[in-house]
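The chain below stands alone, shown as structure tokens; this is the form predicted on its own.
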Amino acid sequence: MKIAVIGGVAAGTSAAAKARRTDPDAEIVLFEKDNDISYAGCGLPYYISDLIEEREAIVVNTPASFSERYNVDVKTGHEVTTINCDENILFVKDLANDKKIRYEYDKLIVATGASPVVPPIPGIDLNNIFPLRTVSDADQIKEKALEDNIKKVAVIGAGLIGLEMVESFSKLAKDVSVIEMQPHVLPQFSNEMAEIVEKHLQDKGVNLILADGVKEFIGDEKVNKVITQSGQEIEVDLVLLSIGVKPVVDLAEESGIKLGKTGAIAVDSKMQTSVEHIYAAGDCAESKDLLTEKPVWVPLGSTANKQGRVAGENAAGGNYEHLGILKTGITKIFDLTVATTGLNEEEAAENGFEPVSVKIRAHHHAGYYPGVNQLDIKAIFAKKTQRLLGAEIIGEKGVDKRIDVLATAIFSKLTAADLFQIDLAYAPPYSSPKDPVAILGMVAEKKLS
């Protein structure tokens, strides 16, 4: 059995490792056009801010260590240029030696990931304008941000990564502006919850420019000014592009592999594509929304690792499934933790659930115990079944615990009444006799009844 993997970050390395465990005798080769593999992409903002000081800490495996541990032939600096699906052949370019390679496979796993969206804005090619996707990107941003003459930074886009980088730049003592085309930060959150984050950002000295896009970047060789659509002029020394990412699917599409409605590669629950013997996983592949049962594309490291594991096992002869996702996400923004899971109110309505929203504010642990903080929780329930459909939580402490409980509740199809009945751990430093999850269930059950 000869198994080829294209892409060596989260999904690709997970797939190769699981394929090796499933078939100890298989010949496995991994092609990656970059020089780094198996790095923690979600840790890049903390590496840039120097919270994580050593570069090696975010590189989980080097090509050499991964190859030795899993007996996988890791070929970095190798770009797959063509997939011949009819003859099971890859055509690969050795970038360092400008040499072409032909590789025959029995099973193929496509894990080409995603790439930053870089819109054709005038001046986009000026120096000191950076996307953030790879360790190499982070190296360049960190090196430049540590220069004494870099004092003013603009972050274009107010999603999760963008706001994480706002904190990182602030820790480096930069004057930070955020420019977001949508009327609020964190577009995946409801307006009322996003406003909590906006106030916190402003309290931390961040200049928020909302409902306004970028018209032009101005500068000679390097950027020194951002002009917005409304005509605002923001002086800058460095710009971070955090507008979003798109799946890297050109190679798959050119080979005849079917794309889904989201623009990512269409796969079944076994991560198999429309072409026999070819699997796809990670940020280039679709998932299934567990609530709507529709294809969705949500590029997250946790999903990539799960999909890669499934693809690797099945490519090596196994029979495993990836059931789907709830789009659960969490991040830290200065002193706040923000998290979401499941459907928002608009998504629930669009899918015929007749949503009812419930919002509470509760202590993250016993009110009399020192250090108590508030949790703002907004949840969505189905009117007829009272089933939990989604949740958003913002607070300083205890957010991670509750969002994971609620994600598990959605996965298990629990109702408002069930939330009150869950036997959650209680001690004054950690919770209250009535945990915020239980309070949410009580308030929701009353409102739904």
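Numbers follow the displayed sequence, beginning with 1. Model, not experiment: these values are computed from the prediction.
This protein has a second form, the form predicted in complex with a further copy of the same chain, left out of what is shown; the following refers to that one.
- Although the partner is absent here, residue 369 lies within 4.5 Å of a further copy of the same chain in the predicted bound form, judged by heavy atoms.
- At the 4.5 Å threshold, heavy atoms of residue 182 stay clear of a further copy of the same chain in the predicted bound form, well away from it.
- Contact annotation for residue 321: at least one heavy atom lies within 4.5 Å of a further copy of the same chain in the predicted bound form.
- Within this chain, residue 387 is remote from the site of a further copy of the same chain in the predicted bound form, having no heavy atom within 4.5 Å.
- Heavy atoms within 4.5 Å of a further copy of the same chain in the predicted bound form belong, among the stretches 236-244, 302-310, 349-357, 86-94, to residues of 302-310.
- This chain appears without its partner; in the predicted bound form, the one residue of 405, 29, 26, 382 with a heavy atom within 4.5 Å of a further copy of the same chain is 405.
- Only one of 326, 316, 226, 158 lies close to a further copy of the same chain in the predicted bound form, with a heavy atom inside 4.5 Å, and it is 326.
- Although a further copy of the same chain is not shown here, in the predicted bound form the stretch 31-66 places heavy atoms of 40, 42, 43, 46, 51, 52, 57, 58 within 4.5 Å of it, in sequence order.
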